[in-house]
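Just one chain follows, in the form predicted alone, and it is written as C-alpha cells.
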C-alpha cells in the first residue's frame, strides 16, 4: 500500500512538473492584441524584406496561408527558429529581448491561425454594416443562407481562413485564385445569352451559375461564343473603404464560423 501511495504521489508530482514546464514553453503573447501588433511592427520593419508583406513570401518562404511547416511548429519551436535563425538558408539569428521574440512569434503564428481563433483589431459591428450595406458584399456572397450565390459562401470563412487571407481577398480579389468563380458571358447557337460564373467545365460541357442562383448545364457543342473575364468578378474594396471600415469588415468576416472556437488556444 505504501509503495502504491508513493507511486501515485510521484506520478502526480511528475505530471505537475510536466504541466509547469509546458506552461513555460507557451507563448505569453498569444491572444494578446497589443503584443501581436508589436510583433507585426517588428516583422514589417525587418522580416518583411525577405518574407514579403503579411508574410506572403519573397526571397524567403511564405509564412502565411499556403504553407504547412509553420502551422505544425510549437510556440517554443517558432521562438527558437526566430532566435537562432537558419544560417544555411540565409536567415540570421536575432538578438532581440525574449519578450520581443515572443511577440514576433505570436504575430507569425497569427498569419496562419483561423481568424475566428485570433484576436482581431476591427469593429465587427461596423464590418457587419459594411457587408450588408455600403460594401454590397451580400449581392454575391451569402452568410448562413442570406445573400447572393455568385461568390463563395462565407458562413465559415473565419473558421477556415486567416485574417490576412480575408483581408487580401478584399483588397486584391483574385490574388489567391478564383477557380470555380470565373465570370463568363456565353452566347448559345440558338441566340440566347447568359452571364454568370463557371462552376464546372470539361471538354464536353460546363455549368453556369447566374445571378438569380439558377444553374445552367450547357453542352460545348451548343455554345457559339464564350468570354471569360481575366480579372476577378469581385471589385477591389481597398480604396473604397477607410482603414477603420476595412478592419471592421475583416473582423466581421473573421467571426463567421460554424464551430465553437477558443481564443488564444495553443
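All of these numbers come straight from a predicted model, not from anything done at the bench. Numbering follows the first chain given and starts at 1.
There is also a form predicted together with heme C; it is not shown, and the following applies to it.
Taking the partner from the other structure, heme C in the model of the complex has no heavy atom within 4.5 Å of any heavy atom of residue 54. Residue 31 falls outside the set of residues with a heavy atom inside 4.5 Å of heme C in the model of the complex.
Among heavy atoms of residue 128, none comes within 4.5 Å of heme C in the model of the complex. Although the partner is absent here, residue 89 lies within 4.5 Å of heme C in the model of the complex, judged by heavy atoms. Using a 4.5 Å cut-off on any heavy atom, the residues of 212 to 242 that reach heme C in the model of the complex are, in sequence order, 232, 233, 234, 235, 237.
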